[in-house]
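What follows are structure tokens for two forms of the same protein chain, given separately as structure 1 and structure 2.
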Structure 1
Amino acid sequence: MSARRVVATGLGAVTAFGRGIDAYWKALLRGDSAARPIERFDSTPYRSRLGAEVPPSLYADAELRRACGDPAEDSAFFMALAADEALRAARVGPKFSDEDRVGCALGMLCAGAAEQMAIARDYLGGGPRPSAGLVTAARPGYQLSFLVERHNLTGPSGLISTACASSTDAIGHAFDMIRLGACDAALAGGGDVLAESIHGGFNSMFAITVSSAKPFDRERDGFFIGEGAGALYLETLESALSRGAEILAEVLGYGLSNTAHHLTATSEDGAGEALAMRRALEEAGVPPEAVDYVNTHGTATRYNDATEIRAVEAVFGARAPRILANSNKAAIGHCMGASGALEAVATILALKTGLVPPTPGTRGDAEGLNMDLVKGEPRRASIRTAISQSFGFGGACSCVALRRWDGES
């Protein structure tokens, strides 16, 4: 069986800017930053108090909150909201039949962390035995089990946790399942939460900014953690054309690698990161000179940005300074396992609209910077091919290649 073409026909998002693609995209184009002092837990003991929390107004959907468990697990709740939007936009579901061959691939890193901390506090403090609902919500796989049951996604499914590359890998996994015929469509993406244990951990590593996230800036001092979810409905090109769906972009290729270098540090020369980018382009059949835009990992940490600069130079060489680039993390925060999905959503919107959002808070003067970093104002450009890349702890590197849909047969 020959490989099938895969397209995106539905998108959904939940971010600190609110519910929905429209709120997310407008805030990105304005160059807003969602960084605020954290309110959900007492952040005063930590070096930095900054985070990007989903606004309380989103929790007004009491029925869905109850459906997400007792107590409700936030990453499943965020993902349910994003998935509902993506399925509505694609004009499918919300409940599929057993014959629909729809799969599901989700990525997460911190899901269940708040519930795990609650169980630990009760245990260490001699409190009551945790409820069955709390134990269920603390399971890392809860988000996936909730989504597949909610939408009857009886195709192949999987939960991926490759640190900050998790939901980029989920998109790549869904792409592979559809392309190779394991299913005809898939819900892909992931949700993640801002939990105290994660905030505390990154503070101890001096990775959280005490001012603002400034990707690719000489004075960068880290990121702030965000939360939310990104969802994509992917299907075969044949399916999308046959039902007259609006095609938002084509997924061309997926590449992954491992730096095999260090548990938490990026590789010094960028070789492992560059390898994932090259593999995505090779599978896509796209030469590096055809890439117009890179949605960077862009964490604004001292070492990650330097590594990414070297990786981009290794892949694109002398053409790198002409490639448009930005980082969404300066706007919505580093959404951990959900970051890759939210960045892929933004990349598709940039391809569709011809607008590349600016990177807030940066002067773009990092040493050796070799990309045309968009800052200040959105940039209007004719971009046809783009990559969205994610790098995570444990050396995980992943990249998806995407192309604007021009109505070709």
Structure 2
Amino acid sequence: MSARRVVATGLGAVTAFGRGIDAYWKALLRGDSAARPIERFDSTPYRSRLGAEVPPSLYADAELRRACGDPAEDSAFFMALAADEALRAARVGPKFSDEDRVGCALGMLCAGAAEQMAIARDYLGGGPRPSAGLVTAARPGYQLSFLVERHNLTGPSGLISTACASSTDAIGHAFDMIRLGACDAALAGGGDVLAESIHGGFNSMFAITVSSAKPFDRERDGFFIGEGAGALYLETLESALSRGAEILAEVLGYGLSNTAHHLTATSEDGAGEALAMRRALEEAGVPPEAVDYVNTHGTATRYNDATEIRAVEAVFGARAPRILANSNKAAIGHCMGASGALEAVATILALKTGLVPPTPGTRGDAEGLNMDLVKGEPRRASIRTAISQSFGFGGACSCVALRRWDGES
């Protein structure tokens, strides 16, 4: 295997707290929750109306949208904004030359869902045949096509759709592209939208909270859906050093697994989820006792959190109580396919600043909770190694291992 090391040198975010890393990180540190009644569509018929929408002012900013190349679909717009920020921070791009061979790996779940609904409405209503433009925007691959053309990314690319694990997997995919020498740098992450069909679906499964998301709380009753995008600019260590870039963290490895248990439910014993965590650590060359912080999947559903607790127990055993943990989903909502990227961004910021944001809304009293869940206030700590993990429908599990950059040790 190639010994190329991969580092992150640029981050970008769009969340319900607005545009940019700064807005996202400050809200996380304050322990804010962006949950509000959804306004974009009529949410009144649903059991819960809660969601975390990107601010309407951003949606309505036609000039900004045009500046982003006028994407025909909202997740691509969010991802374009996040990518711009990541590239600016890394001091590269935004338009690359053909010779640069920058790669791109994105993850998403709901992108294009509103457009698919519009086509379905025409179909059922016998309306005019939808335009080719609408059909194109409804395609899963639209976001990737838009990004690679916008930034002239000529390296390898891929679009991952493993439900809620999508963009963690995408970071791993980008890591592979760079490490294996297919390219020297890659844009990774993903954008996703709060779609009515998905809100309705999770409501029908009683997975959306009617009060507030309370990860790892005895009284937890589900999550609320968020939206936005997370972007990471990854490159070889050699490339970052040679151009004098600020290195934010090192990507050490990642792991994937399938629980092979149930199409929607997590495994009862956490064994399938633990496989992805172990694979990430093994590939990273990191023993479990070296992990300081877990950015959890932490959906705040009764079964998911219980399974995650068991998976952490299986991997870390006696070490678990000394591991700091949090969930960002109680703050920005469950951003579906984009959640992994946004959580990896928060993990890197925690490694860099030595601050772990609190998990809003929770008492942290879930049965069997074995991690040191940060709640109330941010925790200052010297964390060196962290994992960020995501689990999704279809038994999809992904985990990425990250390390604080302390120089070339």
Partner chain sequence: MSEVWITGVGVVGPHGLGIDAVLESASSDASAYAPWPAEQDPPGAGAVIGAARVIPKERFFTERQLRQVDRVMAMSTCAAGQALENAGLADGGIDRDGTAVFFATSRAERTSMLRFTQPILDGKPRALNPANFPWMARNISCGQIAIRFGLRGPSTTLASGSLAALEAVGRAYDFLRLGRARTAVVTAAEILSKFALYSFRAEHGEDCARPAPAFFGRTPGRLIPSEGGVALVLERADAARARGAAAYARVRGWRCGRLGGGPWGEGLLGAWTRLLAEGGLSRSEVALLSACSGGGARTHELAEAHALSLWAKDADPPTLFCAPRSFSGEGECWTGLLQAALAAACLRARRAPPTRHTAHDAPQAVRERAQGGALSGAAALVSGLESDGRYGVLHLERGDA
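For clarity, a rigid core is taken as the largest C-alpha set superposing within 1.5 Å between two forms. Counting starts at 1 with the first residue of structure 1 and goes up one by one along its sequence. What you see is a predicted model, and the numbers here were worked out from it, not measured in a lab.
- Only structure 1 is derived from the form predicted alone.
- Comparing the forms between structure 1 and structure 2 on their rigid core, the Cα displacement of residue 256 stays under 2 Å.
- Fitting the two forms on the rigid core leaves the C-alpha of residue 201 displaced by under 2 angstroms between structure 1 and structure 2.
- With a cut-off of 2 Å and the rigid core superposed, residue 70 has a Cα displacement that reaches or exceeds the cut-off between structure 1 and structure 2.
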